[in-house]
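Next up: just one chain, as structure tokens, the form predicted alone.
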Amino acid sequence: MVKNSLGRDIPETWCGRALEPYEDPFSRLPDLDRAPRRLKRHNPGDKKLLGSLREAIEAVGLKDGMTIATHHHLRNGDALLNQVVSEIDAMGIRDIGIASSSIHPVHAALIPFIKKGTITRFECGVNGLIAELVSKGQLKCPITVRSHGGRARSLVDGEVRVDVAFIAAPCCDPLGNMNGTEGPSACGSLGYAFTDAEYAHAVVAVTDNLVPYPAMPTSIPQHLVDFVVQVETLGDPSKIVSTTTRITRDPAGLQIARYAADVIDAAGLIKDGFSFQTGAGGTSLAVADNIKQKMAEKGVKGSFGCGGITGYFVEMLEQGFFRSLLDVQCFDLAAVASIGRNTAHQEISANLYANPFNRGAVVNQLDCVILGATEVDVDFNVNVNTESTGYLLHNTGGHCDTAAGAKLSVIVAPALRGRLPIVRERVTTVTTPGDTIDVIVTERGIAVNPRRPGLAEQLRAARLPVVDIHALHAEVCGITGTPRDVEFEDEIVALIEYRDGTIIDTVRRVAR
């Protein structure tokens, strides 16, 4: 074992892979020696449309030990990954890796295939029961959790080879031109699938809405697609919404939102050209509402809203508060409808959005990002991967990507949830390093990272309740008591990979 720069114990190798410990957010360079995607020729008259998933699996030559991927734009309504794995299993193929953009609770149907050895690893974040059972040691299936930008980087630089990408295409023609804005399974942006289409060694477009050539508009074009398959359904788009998309009514949440908006204002960021990202949770939307009011009072027009887009951001676009929306995924059906009608609502790839190894990720243009947390600690490290039980239950998403890129990264979280302190001496798992977090906003005060002394002075000048993070921690523990640390076994069940490919932390099996 070696310690990374945060003092976390990292194995030198894991499951046959040599690991590079996390050092800092910005110094690691890409490995230029790994190979890109192979070329392929398609001649006049060649057909891509096949009769079934089985035919497609046979046509791409999927074999034992290979890795497949799907995208998660249908979120908990996705049906494709379960269908694909079921067919792979029926064909007797084993030892398959899953490198999808995200795994959701609906994919608990994969558990029998993990137990059989059809699936033996996940090269992606895993939500829900699969991750919980792995954390308990009841499933043997190593998981490498990557951020959205980190996953794109891993495909682009060759760290993860996706042998076959099965792309759910809500609208597709027989040559593979596709979009996500039309059809019974419309999900809006296909941003996570863009990178798969470009870098997977084979691409199969799977659709429940086959249309005549050419499908327009085209999000992913035909020259990136090997085969096309029509199925009965890709899933249920009504289940795209997996969290609340309404502004919170909780008094503590509303107070946090007011404080956060005041922080952004006091930092001098609310001016023409302001760029902003927030999540879909109730408190995050309340922050956006407060920001909107301040923009209206100042007559400010922002440059862009970013990330996963909600109907609330669509309203801000259509009301003139932003010139554009840059959309990696749609978080609700209002956003799905918008991307089909608003030319200023543009889908972008995860690669463009957040890959640290490209020529300019969008996250680097953000003035401010609002992020949540499961835990924060006195060193400003943030955990969004594991629960208070120690179980791995959540993906990283774009958390560490946006925190590293934005001028101001703001964590909004209650100081305690029930009888559990959210402000801890040491987080259970480091998702995002403290040196990329500027402010932690709670209902009990605002903690400013000591690396930003000038910002702390700006907030005090605005008469905001700035508190020392250690004092906040002591206050919360005085209410809840100091929680006992979760007991873990030595066995590592998952890696938390930082966006640059270094290992920022590990997840160990929870002791029984």
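Start at 1 and count along the sequence shown; that's the residue number. Just so we're clear, the structure is a prediction, and the values are computed from it rather than from any experiment.
Only in words, not in the display: the form predicted together with another copy of the chain, which the text now covers.
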Original post:
Which residue among Q365, N76, N82, N209 has a heavy atom within 4.5 angstroms of another copy of the chain in the predicted bound form?
Top reply: Q365
**OP:** Select from the listed residues R258, K239, K136, R323 the one whose heavy atoms reach within 4.5 Å of another copy of the chain in the predicted bound form.
**Re:** R323
Subject >> Check all three, E375, H394 and G397, heavy atom within 4.5 Å of another copy of the chain in the predicted bound form >> reply: no
**OP:** Consider P465 of the chain shown here, and say whether it contacts another copy of the chain in the predicted bound form, taking contact as heavy atoms within 4.5 Å.
**Re:** no
Original post:
Applying a 4.5 Å heavy atom distance criterion, does S303 contact another copy of the chain in the predicted bound form?
Top reply: yes
**OP:** Although another copy of the chain is absent from this view, report whether L352 comes within 4.5 Å of it in the predicted bound form, heavy atoms only.
**Re:** yes
Original post:
Does the 4.5 Å heavy atom contact test between S86 and another copy of the chain in the predicted bound form come out positive?
Top reply: no
Subject >> Contact stretch among 418-426, 357-365, 121-129, 385-393 - heavy atom within 4.5 Å of another copy of the chain in the predicted bound form >> reply: 357-365
Original post:
Using a 4.5 Å cut-off on heavy atoms, which residues of 197-223 contact another copy of the chain in the predicted bound form?
Top reply: E198, Y199, H201, P212, Y213, P214, M216, P217, T218, P221, Q222, H223
